[in-house]
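Take a look at this one chain, the form predicted alone, written out in C-alpha cells.
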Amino acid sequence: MESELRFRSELERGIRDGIPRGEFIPYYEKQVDLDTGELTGFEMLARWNNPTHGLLSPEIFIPIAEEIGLISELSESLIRHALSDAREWDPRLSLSVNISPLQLRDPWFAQKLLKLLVEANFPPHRLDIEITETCLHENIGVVRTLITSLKNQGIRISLDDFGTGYSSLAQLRTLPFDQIKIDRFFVSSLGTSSDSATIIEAISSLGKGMNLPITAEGIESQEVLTAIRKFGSFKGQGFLYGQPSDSDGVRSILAERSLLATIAEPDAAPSVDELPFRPVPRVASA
C-alpha cells in the first residue's frame, strides 16, 4: 500500500508538471468506411510520454487527472495539439475527440472549445465530439443545452459506447446526435457471442430508423469485419487497420495516400468576435 501511494503521488506530481511541459501527446486511430475501405478520419487518443515510465495509456492517468481537477487543462492541451495536426490533413478527413463527463459540467466548455477552433483556424464541421452514455444519465439537462450550443456552431456530436449505458430511446430521439458508436465490447466478441450479434443487429436497425450513421469500434480481425458487414453500412475502427500513430506517423500515412492538405482552408472557423462568449446555463438534471 505504501508503494502504491508513492506511485500515485508521483503520478499526480508528474501530471501537474507534465501538462505545461507538453508531455501529453495525441495519438490517432484510423476511422474507415467499411464498404469502400476509404479512410474518413481519425479518433484522438491521449498518451503520456512520461520521462521515467515511457509511454503511458490513458487508463493510468485520466482517472487521476479527473480526481485532482486537471482534466480540463489536460484535455484542452491535447485538443489544441490535435487541431494543429489535423490542419495538415486533407479537408475531407475528420477529427474525433472524447470528452470527459467532468468537462460537461463546465458551463464555459462550449466557448472554450470554440476558442480553440478559432486559434487553430480549424473548420467546426470537421470536428466530432464524442459523449458517452454515462453523461446522459448524470447530466441530461446540461448535456442537451451543450449539444445544442455546439451543433449551432457546426460541430458534430456522437454518442459513444452505445449499448453500455443508461440512455433511453426518448433521449436518443430528442438529443440531436449526428451518429452513434457501438462499444468495442460488442464488436470484438462477434462470432463468439450470439448476444453481441443480436445487440448489434438491433442498434443497426435503430440507426437506420433514426437516420443516424453508425461507427463500430474494436474491429480487430478479418472475421469480425466480415461479421459486422452483414448488419449494414458502417464506419469502423480498430487494430485491423493498424495501431494508433503519433502525428509524425499519421503524416507519413497520409503522404503515401496523397491525403495531406495542399493549401490552407480560408476562413474555415468563425472569428473571435463572432463567438457568443456566454456560459451554458446550469440546468437541473432530469
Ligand code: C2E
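From 1 onward, residues are counted along the sequence shown. Just so you know, these numbers come straight off a predicted model, no measurement behind them.
Form predicted together with the ligand: not shown, discussed below.
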Q. Looking at 130, 85, 133, 106, which has any heavy atom no more than 4.5 Å from the ligand in the predicted bound form?
A. 130
Q) Among the candidate residues 62, 227, 70, 39, which is the single one with a non-hydrogen atom no more than 4.5 Å from the ligand in the predicted bound form? A) 62
Q. Could you tell me if residue 244 has a non-hydrogen atom within 4.5 Å of the ligand in the predicted bound form?
A. yes
Q. Residue 33 near the ligand in the predicted bound form, any heavy atom under 4.5 Å?
A. no
(Q) Taking the ligand as it sits in the predicted bound form, is residue 46 in contact with it (heavy atom to heavy atom, 4.5 Å or less)? (A) yes
Q.
Taking the ligand as it sits in the predicted bound form, is residue 250 near enough to touch it, meaning that at least one heavy atom pair lies within 4.5 angstroms?
A. no
Q | Contact test, all of 94, 123 and 177, partner the ligand in the predicted bound form, heavy atom 4.5 Å | A | no
Q) Out of the stretches listed (205-213, 85-93, 153-161, 191-199), which one is close to the ligand in the predicted bound form, meaning heavy atoms within 4.5 Å? A) 153-161
Q: Could you list the residues in 220-240 that come within 4.5 Å of the ligand in the predicted bound form, counting only heavy atoms and keeping sequence order?
A: 220, 238, 239
